[in-house]
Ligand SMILES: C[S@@+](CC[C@H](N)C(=O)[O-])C[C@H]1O[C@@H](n2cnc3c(N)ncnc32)[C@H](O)[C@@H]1O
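What follows is a single chain, given as structure tokens, in the form predicted on its own.
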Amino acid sequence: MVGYPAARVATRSRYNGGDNNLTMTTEITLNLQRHYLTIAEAMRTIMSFDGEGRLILAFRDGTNYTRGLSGEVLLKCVVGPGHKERRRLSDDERRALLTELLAHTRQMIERVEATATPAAHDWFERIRRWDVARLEADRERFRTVYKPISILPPDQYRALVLQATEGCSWNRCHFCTFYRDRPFRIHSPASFREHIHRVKAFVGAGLALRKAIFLGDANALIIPQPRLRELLSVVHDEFAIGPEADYKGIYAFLDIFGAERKTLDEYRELAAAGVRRIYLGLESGDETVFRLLNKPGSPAESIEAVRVIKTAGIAVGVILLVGAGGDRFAAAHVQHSLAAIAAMHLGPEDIVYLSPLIITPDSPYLAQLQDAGSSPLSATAINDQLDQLKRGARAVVGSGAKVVIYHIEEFVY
């Protein structure tokens, strides 16, 4: 990002000249960028704001907070060796925290504004327009723009989500309850354009933080090619997309039964339209575990789909569930999942995600697991399997694909 010119506001500040956008006092650091502002006190309290002046990130007393466009606030902190707490704040917790953080921000601004640059003053005015009531109203407005955004891949947490579809066309995976609350729907070009206009109006100047387009929802690329072609055309009408443009590419989920319905030429068309990476939930390379999860398709079809997608020039993100199949099938799950990853011949632009399985009380997966004579892995066994899969995946991809841990509890949009 391009920064604004530096302005030093205290002669006792330490400033090495290496960053042209840091303003420092003895205790307050102001990092002013074109698309966001960060203000910190003695580097123990740090707050960041988007171009609209919305609070987006905070760090205080060793705890990280992320406030999404949805208005939800995620807490993350280390609570013991090798153990982190990750959870969304309750309504009362969220409002109390926002009240404290905004008050603290105003105090920090008051201490630097006398010597701050005009550009910084513009940011201060934007930030001061937000109080807890306005942030909470913004949270309600989000619900008129988006259906719930249940999950994204970790590298897309800062993408701009456009819901070309709503819900999941399969919606019967035993372990997943993300989309049970809504029917599947594919937008028409007209309704999709209207959705995009509402998104633009809502996100406002915060759009500049979003460097990619994520085409939602669960498996948007299941859309038949003629309609998908129309919807991608709408995206290009509304956004500049390309390596040198504001948005570097288009990304989306695709489940296996959708992947096998597109031809190599259709994937090449998607690549030409700016689709850079497709995310597939393999979950397990073991046939038995795959069926327990009630995934569409099969591991073999997953491998073939990945090969076709990569031949078309599109990268992939392949997701494995750590703990899938429980204790009875643990060894087979690891062995066959690593074999499937190896067979995909992944490259430097590809990613393997290892996502610890979280079983909700209402998940039909539990009953399926018990019927198969298996039990969920303990937390210790999950960590052990995570280490096995991490070491094994890195060995089979070599210097190719990245291997990334994917904690779904760390997501808030």
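One-based numbering along the sequence shown. As the structure is a prediction and not an experimental result, all values here were calculated from the model.
This protein has a second form, the form predicted together with this ligand, left out of what is shown; the following refers to that one.
Annotation: in the model of the complex, residues 285, 344 and 396 none come within 4.5 Å of this ligand through any heavy atom. Interface residue among 202, 178, 184, 157 relative to this ligand in the model of the complex, by the heavy atom within 4.5 Å criterion: 178. Of the candidates 292, 228, 215, 321, 321 is the one whose heavy atoms come within 4.5 Å of this ligand in the model of the complex; the others do not. The stretch among 369 to 377, 29 to 37, 351 to 359, 48 to 56 whose residues place heavy atoms within 4.5 Å of this ligand in the model of the complex is 351 to 359. With a 4.5 Å cutoff on heavy atoms, residue 255 counts as touching this ligand in the model of the complex. Interface residue remark: residue 326 is not counted as part of the site for this ligand in the model of the complex, having no heavy atom within 4.5 Å. Using a 4.5 Å cutoff between non-hydrogen atoms, residue 280 counts as a contact of this ligand in the model of the complex.
This ligand in the model of the complex comes within 4.5 Å of no heavy atom belonging to residue 165. Shown here without this ligand, the chain has 406, 408 in 380 to 413 lying with a heavy atom within 4.5 Å of that partner in the model of the complex.
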